[in-house]
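Okay, here we've got a single chain as structure tokens, the form predicted alone, with questions on binding and movement later.
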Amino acid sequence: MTTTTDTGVLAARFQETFGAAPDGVWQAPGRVNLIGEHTDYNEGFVLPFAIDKTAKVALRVRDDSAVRLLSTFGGHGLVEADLSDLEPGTGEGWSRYPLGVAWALKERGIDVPGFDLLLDSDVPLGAGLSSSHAIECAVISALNELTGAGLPAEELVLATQCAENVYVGAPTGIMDQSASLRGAKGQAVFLDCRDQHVDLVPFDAEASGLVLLVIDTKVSHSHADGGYASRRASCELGAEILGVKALRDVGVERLEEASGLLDETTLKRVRHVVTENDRVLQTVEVLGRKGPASIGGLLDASHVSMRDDFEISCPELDLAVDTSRANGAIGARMTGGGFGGSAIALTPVGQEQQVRDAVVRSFAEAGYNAPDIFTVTPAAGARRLA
């Protein structure tokens, strides 16, 4: 997926397509999760940041209930729908995300008019960088403004979660949209998923002589499948057996007790979430005290936990992580929901090319598709561009 990058070009294409100028252009970023995987729906802690790859939408409200959607990336024609016909499960492909947002706002009592929309995005699809939430957050930012709803960020987060959970059917938490809506340049978003409290934590890899590489394995994944849902069900079962509201309430010290109460699979899922929450808290503390160069071991431990306890890695992700570490990265882990997508590698600037070359070579030798490797930095959250 490629982006025009030029707001004026997108607006001009909108006018050419729909016969009138858009009411505005809005942008929302994808995200990388530095650490804290599958902790969000367990009411725990996460540490993502918004990235410098975004979804843009040019949008104009209509005086009827019709919705017309078009994207700039190939192979997708005009999608037409009517707001009065929206119900969970309707729509196909990327159109489910703007339609789901409109439906979720209507469910909250917002008077949503019909609209025309042109989407342009450079957030890689299926890479675990939350391309779907970038679309949702751009659309909800536009509709929140144009309807005069004036909902605060916390409510926009919950509305997009509702769109994702109920309309699309993906049982995701609130991390992705929180990063996209509440991110800031140069900052990671330390989010408490129980009460949506956010602290912005400086994350300036460049000042520490580091880059954060994203290695897109090109192994596509989907949150609306059984693997993600079964992990969530295991977490809910573990919390119920341990007598807590959510696994957020289980400390590392209770894992020995848990081993006598839970079956092997449930114990492994619980152990990942409990230790991952602890790793997030440690990472925030270490970043504040020592900076990015000191968090490598926590990233490594997070990957091992996801690979062995939560069992959401795959051979391509493991190869990307192991190869990065062997060629100079100070820490690496898969990022995102798992079952494919991307790994991140925190790497000294002087070793960046060595890591890149080694990963490409190792994928070729293993017979895997060539990965896409790029750097990301913490960027601003969702906003209006024009």
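Start at 1 with the first residue shown and count on from there. Since the structure is predicted, the reported quantities are computational estimates derived from the model, not experimental observations.
We do not show the form predicted in complex with adenosine-5'-diphosphate (ADP), though everything after this point is about it.
- Although the partner is absent from the chain shown here, His76, Pro124 and Ser130 each have a heavy atom within 4.5 Å of adenosine-5'-diphosphate (ADP) in the model of the complex.
- When adenosine-5'-diphosphate (ADP) is considered in the model of the complex, only one residue from Phe115, Phe190, Trp103, Tyr97 comes within 4.5 Å through any heavy atom, namely Tyr97.
- For the options Leu119, Leu247, Leu299, Ala142, the one in contact with adenosine-5'-diphosphate (ADP) in the model of the complex, meaning a heavy atom within 4.5 Å, is Leu119.
- For adenosine-5'-diphosphate (ADP) in the model of the complex, the listed stretch (130-138, 151-159, 257-265, 210-218) containing residues with heavy atoms inside 4.5 Å is 130-138.
- None of the heavy atoms of Gly251 is located within 4.5 Å of adenosine-5'-diphosphate (ADP) in the model of the complex.
- Although the partner is absent here, Gly243 is not a contact residue: none of its heavy atoms lies within 4.5 angstroms of adenosine-5'-diphosphate (ADP) in the model of the complex.
- Looking at Thr275, you'd find every heavy atom of it more than 4.5 angstroms from adenosine-5'-diphosphate (ADP) in the model of the complex.
- Although the partner is absent here, Ser71 sits close enough that one of its heavy atoms falls within 4.5 Å of adenosine-5'-diphosphate (ADP) in the model of the complex.
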